[in-house]
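As structure tokens, one chain now follows by itself in the form predicted on its own.
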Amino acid sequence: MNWDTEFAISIIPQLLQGLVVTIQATVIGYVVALILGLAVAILRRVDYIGPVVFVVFEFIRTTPVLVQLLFVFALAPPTVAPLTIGISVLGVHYAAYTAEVYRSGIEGVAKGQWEACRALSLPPLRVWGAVVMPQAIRKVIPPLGNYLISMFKDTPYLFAITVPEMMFMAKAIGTEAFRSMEAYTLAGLFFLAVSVPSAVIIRRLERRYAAV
């Protein structure tokens, strides 16, 4: 199949619409993963609740995200938008990973810091908010950034539940016009245009916080 530049230019607006949905799913899903992952990391330190939380999120972490998407999509009421399902599943799935990152950062806080907090009888909210998390967050920023890129690259799975993200749009264009090469090539270039600069920023963060 020969490359048709005119056709490629004509489909850019449609692919950009898909890219907007892709970025939207990534950003919102990532925020969910950051917040839920932190909650999971803290709950894992609570007696009785911790083991249950660990088992649940370990199951989520070791199950393919595509399977989770299809399973939730099949069980969800028809009134729930596929994009909402996709964002929720991606957020919960990656929360299982960010929870491990947070856990490593929390455990990296020196034992003396915890003992000092107990000696001063600081309330738990003060301990976590003023002592533990400011130290832990600085250590986990680079790996958390890596999961942002991973989530962005996993958004094409939303195609399976009819979310009109970029790969969905590329396939729709190819099916309608019987020309897939231009659509998939441009989609790949758009993915690179977003992921490469993001990777560069994350590498800089890694170097900045390497000594922390």
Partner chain sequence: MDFFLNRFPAYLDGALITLTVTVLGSALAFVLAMVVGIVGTLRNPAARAVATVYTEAFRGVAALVLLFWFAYAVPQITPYELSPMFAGVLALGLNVGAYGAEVVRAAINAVPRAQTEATIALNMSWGRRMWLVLLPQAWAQMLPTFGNLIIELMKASAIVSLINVADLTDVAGNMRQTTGETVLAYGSAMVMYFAIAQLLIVGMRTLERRANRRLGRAPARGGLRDLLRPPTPGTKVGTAK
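Residue numbers count along the first chain shown, from 1. Not measured: the values here are computed from a predicted model.
Another form, the form predicted in complex with the partner chain, is not on view; read the next lines as being about it.
Contact annotation for the candidate site: Gln68, Ser150 and Val196 all lie close to the partner chain in the model of the complex (heavy atom within 4.5 Å). When the partner chain is considered in the model of the complex, only one residue from Ile201, Leu16, Ile23, Leu192 comes within 4.5 Å through any heavy atom, namely Leu192. Contact between Tyr94 and the partner chain in the model of the complex is found at the 4.5 Å heavy atom cutoff.
Contact between Arg61 and the partner chain in the model of the complex is found at the 4.5 Å heavy atom cutoff. Although the partner is absent here, Arg103 sits close enough that one of its heavy atoms falls within 4.5 Å of the partner chain in the model of the complex. The partner chain in the model of the complex comes within 4.5 Å of a heavy atom belonging to Met167. Interface residues of 161-194, taken as those with a heavy atom within 4.5 Å of the partner chain in the model of the complex (partner not displayed): Met167, Lys171, Phe178, Arg179, Ser180, Met181, Tyr184, Thr185, Ala187, Gly188, Phe191, Leu192, in sequence order.
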